[in-house]
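Okay, so here's just one chain, in structure tokens, the form predicted alone.
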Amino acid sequence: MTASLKDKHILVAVCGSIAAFKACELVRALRKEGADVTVAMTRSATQFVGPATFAAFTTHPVLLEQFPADPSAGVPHVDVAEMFDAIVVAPATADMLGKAAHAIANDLISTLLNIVECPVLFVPAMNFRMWRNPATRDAVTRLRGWGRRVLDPDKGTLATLHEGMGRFPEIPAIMAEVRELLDRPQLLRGKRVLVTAGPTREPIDPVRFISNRSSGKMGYALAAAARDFGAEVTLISGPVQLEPVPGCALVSIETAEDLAAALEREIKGQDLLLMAAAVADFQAAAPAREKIRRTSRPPTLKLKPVPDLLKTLRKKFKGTVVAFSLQAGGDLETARDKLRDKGAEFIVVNFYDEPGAGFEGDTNHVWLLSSSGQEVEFPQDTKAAIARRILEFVAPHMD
């Protein structure tokens, strides 16, 4: 089935080539198929087509500067990089191909290409001598080797009236590539997936609580990946500083008791449970009704264990369960014991004492263990990429 472009967020990155005017036609073709298109331009591209033209075609401001004159909170080029389902670099010049292939980030578009995790399509257009230059050919080979799609330019009469390869490809050919780019495998089509994410907060008094450093990023990445694989997704989230995942139902909770109630309500009819929430192990035995005042003698805080939510739920839930375990020192044996104890089909293990694999960051390094004895390592990568790999492994083993 051909991928639909309706409501897809696509960035068209226009570089400095005489073919820049043909990007106008591409933008119109994408809009006609329902895509929400934003245009970014290099400074040299504006010498061929004015930004006002693309702004009129897209109804969005054109992105020009990596560091705008009126900076807002955050890092603009990083925020922009997370907005799109695909990027189409059209026309892609020899300069931009070389930058992308060698991690050069000295303008907005080259910086975005270093950051984005969405699919990228390069549509080259240049003088035939540039296209056959060994440096350009090497850049194309490197990009293709990394999974970026690079079209071959068409052969014909160029702007200089020379004959050769370098012409901007025909719009129907580009559109076909964009559709294929967005045609993700629907591994979970027709499935219902429930994801828990983030920490819980267990009150000590009305203003203090016991919690942990979980950012929720891994759980949110799993929800987004399950959605992209075609699932109907419900995300139960503790308190986090993250935007809701578009296309996923969001249930907000605070305490372990809230999470237990939400799981009880939402679990019916689900096919897959991804229990990524960092649920507190202990809670105050008797939370104070008023703020505990500071005294010369610190109060004694009595704790009690939080009920084992997953172990209790497993007795009722007949779908596939993926548990999560945070360990230290590369310890997999504890996770193997936990897998058996919880009755889960899979458990994902990461290590909080490993740089780039613990709390709050954007990367992770995990092991995926199965009840059948399979153990797979996913080397350090972004949490979005790790989430996709987990689901790609789990999906074929679901009932």
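Quick caveat: nothing in here was measured; it's all calculated off a predicted structure. Counting begins at 1, following the sequence as shown.
In what follows, reference is made to the form predicted together with a small molecule, a form of this protein that is not presented.
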query	finding
Residue (of Asp95, Glu232, Asp228, Asp271) lying close to the small molecule in the predicted complex, criterion heavy atoms within 4.5 Å	Asp95
The single option of Phe48, Phe57, Phe351, Trp367 touching the small molecule in the predicted complex, heavy atom within 4.5 Å	Phe48
Partner proximity in the predicted complex: Met130 to the small molecule, non-hydrogen atom cutoff 4.5 Å	yes
Partner proximity in the predicted complex: Gln374 to the small molecule, non-hydrogen atom cutoff 4.5 Å	no
Cys15 within 4.5 Å of the small molecule in the predicted complex, heavy atoms	yes
Interface membership of Thr334, the small molecule in the predicted complex, 4.5 Å heavy atom rule	no
Contact stretch among 37-45, 59-67, 326-334, 354-362 - heavy atom within 4.5 Å of the small molecule in the predicted complex	37-45
Closer or farther: C-alpha pair Ala100/Ala224 in the predicted complex, relative to this form, given a change of 3 Å or more	closer
